[in-house]
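Shown next as structure tokens: one chain only, the form predicted alone.
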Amino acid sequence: MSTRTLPLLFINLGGEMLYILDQRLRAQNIPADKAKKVMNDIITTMFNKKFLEELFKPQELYSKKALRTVFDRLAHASIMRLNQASMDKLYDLMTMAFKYQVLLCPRPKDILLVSFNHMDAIKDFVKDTPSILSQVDETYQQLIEMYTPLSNGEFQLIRQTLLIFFQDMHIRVSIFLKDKVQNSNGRFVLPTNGPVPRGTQIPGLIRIFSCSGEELTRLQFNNGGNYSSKTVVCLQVNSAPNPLAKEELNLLARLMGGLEVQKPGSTDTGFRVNLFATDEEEEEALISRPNELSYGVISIQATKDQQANAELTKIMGEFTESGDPSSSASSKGDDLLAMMDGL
């Protein structure tokens, strides 16, 4: 397990969340000033300096429930509110979209390119707000400094850690099913043909080495596909778009496409965003959601000793929504940081 995976997981899931919320805010015809406030507040909280300092420290991944709780708090860092069913759907789309992108990466290091794509999209959301943009730029630089020096082996370990995190998530997404890239059991369908990445060999050979690096034996196996290895000499810069970026944008554009909803009737400062076409669909989804996919309750055992009880009480207190939309972005970031410390 890699101890450098958490920042990539958080930033990529956060990028997916922001894209989906932006689409829903547009679809529900939320006034531009309120929509911009929501996006700015969430991004400000997400890129809080103290929070990121903790996030970038080498550490194991948090549990699925803990990470879900973090994004629940993050999604409600502004005046927008989501019902549980909509929050469930939002998190499902976030996780399955990023899982698919990880699986599409032909090389482990391409995960960094996917992360840069998400960072570019986030920068575009706050391009007219210099103070928030500087926060995002600072994180961008941290990503470059931390991950570009890593070896292919270290990126392979990061990829493996991500796939272990996602391995039990098989939530069916309609657009994936329609495009036949996902089976009815929720597992993705990946291609087993075409050229392998530059600098890699066609699958089918296992080489075993000694501790001194001497090759001891070779084992061949059937790779079950039709792969090719091509050597391409580039004499000029290729201006074609990155296929990974194109595929990601096409996917994200389709995830929330075609969902039209009624305009919200309330004119209050706060407002609710629905990830479903109607309120009836949202209520039905909440009732029919399997228990194993529910993140609504986090059980904490607080029975060991007084010190543990005090600490756990503090953690549970951080889970309680304040309900005060006037809190500053800085305090929201500090609250989220404290909650992450507790987890």
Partner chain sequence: MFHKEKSIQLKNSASALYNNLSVLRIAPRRLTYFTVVHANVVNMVSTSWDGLNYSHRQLQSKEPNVATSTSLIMQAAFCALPSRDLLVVSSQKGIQMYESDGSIMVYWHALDTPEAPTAHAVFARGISAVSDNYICVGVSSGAVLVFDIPSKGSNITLSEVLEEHKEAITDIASECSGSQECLANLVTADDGGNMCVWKSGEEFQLLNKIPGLDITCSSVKLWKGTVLAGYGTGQIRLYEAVTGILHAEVNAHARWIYSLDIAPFSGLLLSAAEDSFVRVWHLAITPETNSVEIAHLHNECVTDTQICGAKFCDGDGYAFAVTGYDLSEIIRYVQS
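Numbering follows the first chain given and starts at 1. Quick caveat: nothing in here was measured; it's all calculated off a predicted structure.
Form predicted together with the partner chain: not shown, discussed below.
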| item | value |
| --- | --- |
| Region of this chain that lies against the partner chain in the predicted bound form, out of 136-144, 202-210, 120-128, 72-80 [heavy atom, 4.5 Å] | 202-210 |
| Interface residue in the predicted bound form among Ser174, Ser229, Asn152, Gln84, criterion: non-hydrogen atom within 4.5 angstroms of the partner chain | Asn152 |
| 4.5 Å heavy atom contact with the partner chain in the predicted bound form for all of Pro31, Asp92 and Asp179 | no |
| Contact label in the predicted bound form: Leu157 to the partner chain, heavy atom within 4.5 Å | yes |
| Touches the partner chain in the predicted bound form: Phe166 (any heavy atom, 4.5 Å) | yes |
| 4.5 angstroms heavy atom contact with the partner chain in the predicted bound form for Glu60 | yes |
| Contact label in the predicted bound form: Leu190 to the partner chain, heavy atom within 4.5 Å | yes |
| Sequence-ordered residues of 209-224 touching the partner chain in the predicted bound form, heavy atom within 4.5 Å | Phe209, Ser210, Cys211, Leu219, Phe221, Asn222, Asn223, Gly224 |
